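In the form predicted alone, a lone chain appears below as structure tokens.
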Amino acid sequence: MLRKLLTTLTILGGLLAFQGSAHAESACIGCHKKVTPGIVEQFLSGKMGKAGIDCSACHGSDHTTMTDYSKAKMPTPDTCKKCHPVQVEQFRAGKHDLGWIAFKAMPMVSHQPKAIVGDGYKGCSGCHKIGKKPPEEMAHYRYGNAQCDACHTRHAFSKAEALSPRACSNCHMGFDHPQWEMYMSAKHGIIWAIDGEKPNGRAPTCQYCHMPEGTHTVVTPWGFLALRLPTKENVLALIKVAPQLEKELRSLAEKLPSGHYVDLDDDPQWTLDRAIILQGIGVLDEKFQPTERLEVVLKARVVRGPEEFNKLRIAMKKRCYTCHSKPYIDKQFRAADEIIKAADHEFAKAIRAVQDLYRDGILQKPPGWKYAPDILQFYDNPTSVEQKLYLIFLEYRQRAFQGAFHISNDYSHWYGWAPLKETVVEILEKAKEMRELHQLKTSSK
């Protein structure tokens, strides 16, 4: 054990003499006790501080005075990788590492205040900074490149903290992904809280299900948006119900992977509904052909193909089998899948209604927009019906299926499915009114 510790300390460099429980004070500690005493206290309370690791191991030794603080290096995952190579590689294979890329792929980013989408970290960027940035952006952003500190917060870098569901609650809460609220209102979270918030208690934590055996990959089969690519077989089956689109569908099928999704009912209607949703977010064009956005969403792993989905689905179910019987879990998963299927059908109806408004000239594409409707413009959409589409996509549909998988039944129904249905009715009624008004204006000319 001592030999392993010494090896680790040698890799880090910048170490202190360490005798018993006494911690020799470096120049960094001596100065920062006056300037940032709280940070020093946190660091010395953590495992790295107690092991005698010096600040310079992560921040370098170029910063030596009160005025040259800009010379202090800011850590990145590569800094952590020196001692935690397995965890960093796992992290980079997961969705958290893609948080920044997925966020920057949203077209609405270009319209937002810098504090929300930039280094102010006061909005979306505050959570999405957990993802890696391109090298040119890393050079611009002094802070927010460490990534690991999103869960192992500075400067104690506590493993116990990162094992608590509360560590997840900072980002996984609120409008579009209230997993914290869902977990805490479901039996799993209730038992965890009643039992005294034990990391290895009766109830599974977020980490138990999403980080099995301590892996830092953190990825789920359905993904954040419950989107998956239609397969070649799915699309060819659509020709039977939409023969007028045979040419377009055959062209699309040639660009898609083959295969089937574990457990899922791939009837033509669901495939068509999903294709319409992909149109709504600009991934497929009006002829159901892939756009340049497909490459972006694949890079950010926003949608799943059959190979990845099936592997993750089987692994997730196996985790559930440790407490529940196989038939019970299989039934629970299929029930949650049905929520997605039903939500997709309702959502597709609403998207089609708005698409028709654009096709018939009742709505005009905003200047500079390539796609319309464009749900990924979020709250920058120009009409109330399109605003409602974005609410279905990011709020109601999300809550319906995420609540179902987290066994938060009230959340799934009354915060998800119910307002989704209400909003679809509102969109259809508003679209009808807009059409009637347009016809009245046209006929009066």
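Predicted model, so just to flag it, every value in this text is computed and none were measured. Sequential numbering from 1, following the sequence displayed.
From this point on, the text means the form predicted in complex with a small molecule, which you will not see here.
- For the options 269, 364, 258, 332, the residue carrying a heavy atom within 4.5 angstroms of the small molecule in the model of the complex is 332.
- The listed set 210, 293, 232, 132 contains one residue whose heavy atoms approach the small molecule in the model of the complex to within 4.5 Å, identified as 210.
- Relative to the small molecule in the model of the complex, residues 28, 32 and 300 are all within 4.5 Å by at least one heavy atom.
- Among heavy atoms of residue 342, none comes within 4.5 Å of the small molecule in the model of the complex.
- A residue is said to contact a partner when one of its heavy atoms sits within 4.5 Å of a partner heavy atom; residue 316 meets this definition for the small molecule in the model of the complex.
- In the model of the complex, the small molecule sits within 4.5 Å of a heavy atom belonging to residue 47.
- When the small molecule is considered in the model of the complex, residue 378 lines it closely, a heavy atom lying within 4.5 Å.
- The partner is not drawn, yet in the model of the complex one stretch among 272-280, 285-293, 221-229, 234-242 has residues with heavy atoms inside 4.5 Å of the small molecule: 221-229.
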